[in-house]
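Before any questions on binding or motion, here is one chain by itself as C-alpha cells, the form predicted on its own.
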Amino acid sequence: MKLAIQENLIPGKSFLEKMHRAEEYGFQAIEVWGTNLTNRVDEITKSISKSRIKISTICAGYRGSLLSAEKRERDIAVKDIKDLLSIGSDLGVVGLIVVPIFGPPQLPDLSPWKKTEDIEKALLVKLLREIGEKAEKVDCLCLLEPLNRYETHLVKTVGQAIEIVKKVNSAGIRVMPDFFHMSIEEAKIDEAIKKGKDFIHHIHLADSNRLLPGYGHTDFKARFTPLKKIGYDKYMALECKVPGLAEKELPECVNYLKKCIE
C-alpha cells in the first residue's frame, strides 16, 4: 500500500515545492484537483521531472452533472470527464475520481413505469459505457466514489458502486472507497473491502471526524487488515482536514499509517 496526499493539504507556494514537502513528509504521490488542471499541466509535468513523487489520481474538477435533468449539463460532464482522463493519461495517474451525483435526484419519478433511481442507474450505466471506452483507450481509470447519505442519495456503498461497474462492463470503470463515507454507510467494512477485491483501485483516507487518521475513532490497523488480505498494493490518499501545523502533523500521520500497515 502506497501513501498519497491531496495537493491542497501540503504547504508550498509552487507545485514543485509541494512535491518536495510531500516527499520530505514520507508520501509517495500527490492527488491533484481537476479544476483548472488544463492550465497547470506544464507546471505539474515539469515538477514531476524534478521529484521522485508521482501523481496518483485526479479528484473531480469536471463541470456539469452526469445525472442532471438538463442534457446540456450531462454533455458537459461527459466531455470534461473525457478531457480529464486524457490529461490523467499524460500525467501517468491511476484514474479520475467521479461522483455520480451530489445531493437529491434531479430527474423525475416516472412511476409506475420507472422510479427515479431506476432511471438514474440506467442513464449512469449508459454514460459510463461511453466514458469507459475513453478510459480504456487512454489507459486512465474512471473511479466511482460512493458518498454517505448526507452528500448523495444514489451510490452510497462499495457494493452499490460495484453493481454499476458490473453493468457497465468496462475495464476502464472501477471503484474508489473513502473510509470516512464507509464508516457511515457500510454495515461491515471488512466485507465491503473483500467484495471490492477486483474493483478497488484507489482509496481516500480520513478519520471518523474527517480529520487526519489518528484523530477520530477509526481503527486503521483493523481497516488495513482486509486490504492486505486482498493484496491491495495501490495508493491511499489523504482527503481530510489537518488539525494543526502541516509541517508537524503530516509526517506524524505518515508514521502512524505506516505502523498501521505493518
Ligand code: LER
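Numbering starts at 1 and runs along the sequence shown. What you are looking at is a predicted structure, and each value in this text was computed from that prediction instead of being measured.
A second form of this protein, the form predicted together with the ligand, is not displayed here; the remarks below concern that form.
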Contact stretch among 127-135, 88-96, 103-111, 146-154 - heavy atom within 4.5 Å of the ligand in the predicted bound form = 146-154
So which of 210, 228, 52, 197 gets a non-hydrogen atom within 4.5 Å of the ligand in the predicted bound form?
-> 210
Is residue 178 close enough to touch the ligand in the predicted bound form, meaning at least one heavy atom pair within 4.5 Å?
-> yes
Taking heavy atoms only, is residue 204 within 4.5 angstroms of the ligand in the predicted bound form?
-> yes
Decide whether residue 60 counts as a contact residue for the ligand in the predicted bound form under a heavy atom distance cut-off of 4.5 Å.
-> yes
Contact set, 211-243 vs the ligand in the predicted bound form - heavy atom within 4.5 angstroms = 239
